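One chain is shown next in structure tokens, namely the form predicted alone.
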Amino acid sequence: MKLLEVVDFGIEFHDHDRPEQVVEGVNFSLEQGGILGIVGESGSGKSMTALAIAGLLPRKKLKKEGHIYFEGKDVLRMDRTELRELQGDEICMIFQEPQSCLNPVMRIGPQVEEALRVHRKEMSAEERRARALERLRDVELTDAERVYDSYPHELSGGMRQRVMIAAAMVGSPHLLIADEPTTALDVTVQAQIIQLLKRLNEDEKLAILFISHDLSLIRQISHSVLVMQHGKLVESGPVERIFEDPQEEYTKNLIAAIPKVKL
């Protein structure tokens, strides 16, 4: 079953003298429980596409084309009320630097619970706390009680990213969009976060849209891959086919540029 279907999607900015096409004619789909990697250099349009799927594009000074169907409903044509019901509940997003997304003067617990206060108003404070602690443990924060009562600055970068994943997962979404979620982390912690996302995908049939410029990470986590350049889709297919038998010169060049580790 197609959870997400993007059809002839495009974005045109109108904040300068001349219109600027930043995404053009993009088509792809994602099944429930699948992991789709989107790779491309800065300015390729991958993050803009992700923001559009999450309903986070600004409403002014741009033109959106095509369709983004999530569970059969077109995100691009939803009103604000419909989008709010979707965001943080069925579709969640995590970003590159969790420190900029977490409120520095608020303890972690209430921030993890935020989606429950918005979308699960029937839950009591005790139920929200229990659910938040459960999710903190699910993301392998074994000292969940301490983390719950901590401020963001008291946690490491890897722990803050786990907190953001817990906050995203607290309402059991159907789609998690991860936009460069490991870029600010060291290699060891990167690997841990990738393994965590793979486990959540397997255990909860969570669909993941994983965005990165790092092909090594894309290969580790993805079932299928989209390659973007200058706002257009260059190539797509199963992850092994893309890496073992790339068809387009741009894809070949990206793969050739992956650093080789000398032992």
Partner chain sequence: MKYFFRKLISMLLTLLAVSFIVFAAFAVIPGDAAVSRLGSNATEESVAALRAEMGLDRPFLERYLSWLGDCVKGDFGTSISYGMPVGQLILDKLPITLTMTVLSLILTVGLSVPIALLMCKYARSRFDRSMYGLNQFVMSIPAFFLGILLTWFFGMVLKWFRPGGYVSYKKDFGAFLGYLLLPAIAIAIPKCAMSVKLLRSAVLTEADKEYVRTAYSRGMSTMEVLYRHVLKNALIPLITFWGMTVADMIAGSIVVEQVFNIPGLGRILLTSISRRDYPVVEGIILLIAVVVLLVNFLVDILYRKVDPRLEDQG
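Positions refer to the first chain, counted from 1. The shown structure was predicted, so the numbers you read here are calculated from the model rather than taken from an experiment.
Heads up, the form predicted in complex with the partner chain isn't pictured, but that's what we're talking about next.
Proximity of Met106 to the partner chain in the predicted complex: non-hydrogen atoms within 4.5 Å are present. Using a 4.5 angstroms limit between non-hydrogen atoms, Glu114 touches the partner chain in the predicted complex. In the predicted complex, His153 approaches the partner chain with a heavy atom inside 4.5 Å. The partner chain is not drawn, but in the predicted complex it has no heavy atom within 4.5 Å of Ile193. A heavy atom within 4.5 Å of the partner chain in the predicted complex is found for one listed residue only; from Glu127, Glu140, Glu97, Glu145, this is Glu97. Taking Val75, Leu102, Met159, Leu185 one by one, only a single residue has any non-hydrogen atom within 4.5 Å of the partner chain in the predicted complex, and it is Leu102.
In short, of 67 to 75, 185 to 193, 116 to 124, 131 to 139 it is 116 to 124 that has heavy atoms within 4.5 Å of the partner chain in the predicted complex.
Taken together, the three residues Leu51, Gly88 and Ile91 all come within 4.5 Å of the partner chain in the predicted complex, as judged by their closest heavy atom.
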